[in-house]
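Just the one chain here, laid out as structure tokens, in the form predicted alone.
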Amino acid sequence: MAKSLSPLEVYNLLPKTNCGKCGEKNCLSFATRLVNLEVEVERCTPLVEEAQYKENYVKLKNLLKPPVKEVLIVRGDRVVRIGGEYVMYRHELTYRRPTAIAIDVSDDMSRELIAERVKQVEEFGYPYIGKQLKLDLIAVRSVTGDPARFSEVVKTVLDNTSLPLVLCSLDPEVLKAGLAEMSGDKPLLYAATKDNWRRMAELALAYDCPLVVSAPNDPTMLKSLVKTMLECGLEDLVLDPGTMGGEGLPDTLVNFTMIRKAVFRAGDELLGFPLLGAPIAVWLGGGRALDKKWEECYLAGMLIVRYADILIMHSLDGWVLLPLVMLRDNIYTDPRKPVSVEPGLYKIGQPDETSPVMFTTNFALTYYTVSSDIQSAKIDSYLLVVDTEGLSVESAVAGRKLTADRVAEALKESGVEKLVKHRYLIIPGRASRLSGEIEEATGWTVLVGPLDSSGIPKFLDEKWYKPKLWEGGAQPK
């Protein structure tokens, strides 16, 4: 595993020319970042392009190979990467590839309904800590078993989205009809079983596509099928251990956990492939649609936590999907790095020389919450972001990462003194204990803002006077 490598082991296989083409100052620095999984080995272009380094490149790829193979699902220039994990538990290093979420359409749906569902998938998005949380794939399912109808539906989907696809059928002829519409692409094929594995293997090899191997609730059979597929020459495999809700839920979670544990604790290479979960399975039984949505939501959440690399779902309701994409984002952040934004001066709206100046820390959640609340005040402002190494205001004050000297330095470097006529600085209420020190260090008059940024609109409305009043001698309170 890469986390057990030393930078020197990697450095000895690099060109050692310190050419800087990778963006690092020297090869040792690049080696350190490789071991920390912060860069890809391909960024060393001499290693990849020059024949003299070919052998070392192959050795490095093997050294850095993750226990869980990375599989690519490709549509044009859009690629969804699944797997590629180095650790079983996030705190051991970090998780790398967020669980991909696919929403289904089926070939018994009307063209209009298919187009509408695809549109909803494309338009789904939620801004969260500076990112846009999105869905990843469309899963096209064969319900009719008719190759011609499946081909028609695949074409409809392709006409309405650029997202990569999962093609779902146990009939190789049906999948072949769909693949005929996707020349040059590499959709994920679902699925090879103990009954159709030979024809599915031939299809995956012929079209060079990744293939799901499925053996619901039978890990022994799953492992046997993987071994057979590898012997056939297939390398890009995805494992489906079966997804069962209700009374089968314990078996589902145990199977996912034990497969991943077999890879990281027992070194079982036959199971070292991405895992597919299908919360959509809850819709196979009867019952109210609302109950099915709840069940699909909590089952998907459990599978994200229990190592699923890709999920196939049916529900498109925001209350089902939003908790899942937020859960996914939180799990797949790097625990070694605070979620932070770039320090500096940010303009909210169109501030001028009379606009208020506020500051906050560079913890991302704090910054985006504060900036959003300032925007809601509809007052053009300057927001100074002070480098606190990614800590929130209260934590930064307590840990001495937010000090009067740091504020003074940030204020000076920002150049805001040249942008406004006044010398009033609004500080977070949770940094009020620093008010006197900040005034002394900066020479600015400090106004202590609200404890919570949600109070900023009211605070500005009550405390910040319009410039025309200043001319008469009035000042911010």
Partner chain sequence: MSGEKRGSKTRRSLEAIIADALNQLFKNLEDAEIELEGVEIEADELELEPIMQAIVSQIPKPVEVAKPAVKPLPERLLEAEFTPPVTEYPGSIVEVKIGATKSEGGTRSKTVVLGGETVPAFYTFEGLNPNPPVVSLDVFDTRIPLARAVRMEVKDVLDDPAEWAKKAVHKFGAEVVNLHLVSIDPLLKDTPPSEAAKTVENVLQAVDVPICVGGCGDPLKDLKVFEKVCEVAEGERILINSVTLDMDFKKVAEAVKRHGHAVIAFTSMSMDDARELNRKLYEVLPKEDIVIDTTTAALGYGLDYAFTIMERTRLAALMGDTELQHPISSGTTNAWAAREAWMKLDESKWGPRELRGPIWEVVTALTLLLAGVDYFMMMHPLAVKTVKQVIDRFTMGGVFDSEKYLNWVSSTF
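Positions refer to the first chain, counted from 1. If you superpose the two forms and keep the largest set of C-alpha atoms that fall within 1.5 Å, you have the rigid core. None of these values were measured; they are calculated from a predicted model.
Below, we turn to the form predicted in complex with the partner chain, even though it does not appear here.
A.B. asks: Any idea which of 352 to 360, 151 to 159, 176 to 184, 315 to 323 reaches within 4.5 Å of the partner chain in the model of the complex, heavy atoms considered?
C.D. replies: Heavy atoms within 4.5 Å of the partner chain in the model of the complex occur in 315 to 323.
A.B. asks: I need to confirm a contact call. Of 98, 84, 242, 147, which residue comes within 4.5 Å of the partner chain in the model of the complex, counting heavy atoms only?
C.D. replies: For this set of options, the contacting one is 242.
A.B. asks: Which residue among 115, 383, 262, 379 has a heavy atom within 4.5 angstroms of the partner chain in the model of the complex?
C.D. replies: It is 262 that has a heavy atom within 4.5 Å of the partner.
A.B. asks: Is it the case that residue 387, even though its partner is missing from this view, gets within 4.5 Å of the partner chain in the model of the complex, heavy atoms only?
C.D. replies: Residue-level check for residue 387: no, no contact with the partner chain.
A.B. asks: Is the gap between residue 33 and the partner chain in the model of the complex 4.5 Å or less for some heavy atom pair?
C.D. replies: Result yes; residue 33 sits at the interface with the partner chain in the model of the complex.
A.B. asks: Counting only non-hydrogen atoms and a 4.5 angstroms cut-off, does residue 271 reach the partner chain in the model of the complex?
C.D. replies: It does: once the partner chain is placed as it appears in the model of the complex, residue 271 has a heavy atom within 4.5 Å of it.
A.B. asks: Is residue 198 close enough to the partner chain in the model of the complex to count, meaning some heavy atom within 4.5 Å?
C.D. replies: Result yes; residue 198 sits at the interface with the partner chain in the model of the complex.
A.B. asks: Pick out the residues of 121 to 149 whose heavy atoms come within 4.5 Å of the partner chain in the model of the complex.
C.D. replies: Heavy-atom contacts within 4.5 Å come from 124, 125, 126, 128, 141, 142, 143.
A.B. asks: Using a rigid core superposition, assess whether residue 344 undergoes a CA shift of 2 Å or more between the shown form and the other one.
C.D. replies: Superposed on the core, residue 344 moves its C-alpha 2 Å or more between the shown form and the other one.
A.B. asks: Can a Cα shift of no less than 2 Å be assigned to residue 70 between the shown form and the other one, given superposition on the rigid core?
C.D. replies: Comparing the forms between the shown form and the other one, which are aligned on their rigid core, residue 70 does not shift its C-alpha by 2 Å or more.
A.B. asks: Once the core is aligned, does residue 433 move its Cα by at least 2 Å between the shown form and the other one?
C.D. replies: After core superposition, the displacement of the residue 433 C-alpha between the shown form and the other one reaches the 2 Å mark, so yes.
A.B. asks: How does the C-alpha distance between residue 388 and residue 36 change in the model of the complex compared with the present structure, closer or farther, given a change of 3 angstroms or more?
C.D. replies: Relative to this form, farther apart in the model of the complex.
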